[in-house]
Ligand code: LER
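Below you will find one chain, with nothing else, as structure tokens; this is the form predicted alone, and questions on how it binds or moves follow later.
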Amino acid sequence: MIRSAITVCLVPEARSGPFVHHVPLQQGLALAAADGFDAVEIFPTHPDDLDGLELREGLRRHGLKLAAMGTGAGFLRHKLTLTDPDSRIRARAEDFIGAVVDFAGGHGAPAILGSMQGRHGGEVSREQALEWLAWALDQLGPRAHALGVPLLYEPLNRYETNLFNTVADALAFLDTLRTRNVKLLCDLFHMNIEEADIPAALRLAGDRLGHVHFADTNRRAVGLGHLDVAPIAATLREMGYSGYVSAEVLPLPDAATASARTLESFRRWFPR
């Protein structure tokens, strides 16, 4: 069964980012439950800033699951990436992601590697950047595996990274890793920019598809743009995908509307 999730961002610097709720954690949990979502996707400042017992109790009280946890604050707040030319920064980036892996995994959820993958350029060649990225994923993948969850790698669009922008290229890279515990996060917004055929790309991902960001072409809630959802939803159902489709979308025209339109679209395309 495909499940729904909504984003709760706890990073003040990301208030202009594509997250529906920018509220304290317990308020975000209450809003997600009241609107009828199955789970939340949380973007913390750092796992050390979260109370694990409080989160567990809040999830239980509201009947929610933790779908995933983002690492973007490591880049947004501290400019940490796994492909920085400075080895000390790369080490700090891996430590930050590892902390999210540990915390999220303790709640049965995967961590997301998106913006912290970085890019190549300047003194860093593409070959060197990919070597560093592969080394880090081969450390973080088994770390997540020990907790019974995958690590999610997200191909971003060309304006956000020059490493991997398409499912095909990302899969080819994952095939070179020692770890087999890295799955793809496919974001429909990025895919709309980079993929010639979104359903075909999802089919190519197959059982390595670990998470979907449910966003329209304009980064608003699905239904508020011009995304052709029907073939995408049909493909996910035909694949037997049973993970989350999560609203990583702008809170426009406001958070309440973004939430309501997401759930309306979810129920239309993934009826139970």
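Position 1 is the first residue in the sequence shown; the rest follow in order. Source: prediction; values computed, not measured.
The same protein has a further form, the form predicted together with this ligand, not shown here; the description that follows concerns it.
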**Asked** Among V149, L156, A201, L140, which has any heavy atom within 4.5 Å of this ligand in the predicted complex?
**Response** L156
**Message:** Just to confirm, with a 4.5 Å cut-off on non-hydrogen atoms, which of D187, E195, E94, D84 contacts this ligand in the predicted complex?
**Reply:** D187
**Asked** D102 near this ligand in the predicted complex, any heavy atom under 4.5 Å?
**Response** no
**Prompt:** Using heavy atoms and a 4.5 Å limit, would one call P251 a contact residue for this ligand in the predicted complex?
**Reply:** no
**Request:** With heavy atoms only and a cut-off of 4.5 Å, decide whether R219 touches this ligand in the predicted complex.
**Result:** yes
**Prompt:** Which one, 169-177, 156-164, 84-92, 127-135, holds residues whose non-hydrogen atoms are within 4.5 Å of this ligand in the predicted complex?
**Reply:** 156-164
**Message:** At 4.5 Å, heavy atom to heavy atom, what parts of 9-26 sit next to this ligand in the predicted complex? List them in sequence order, or say none.
**Reply:** P18
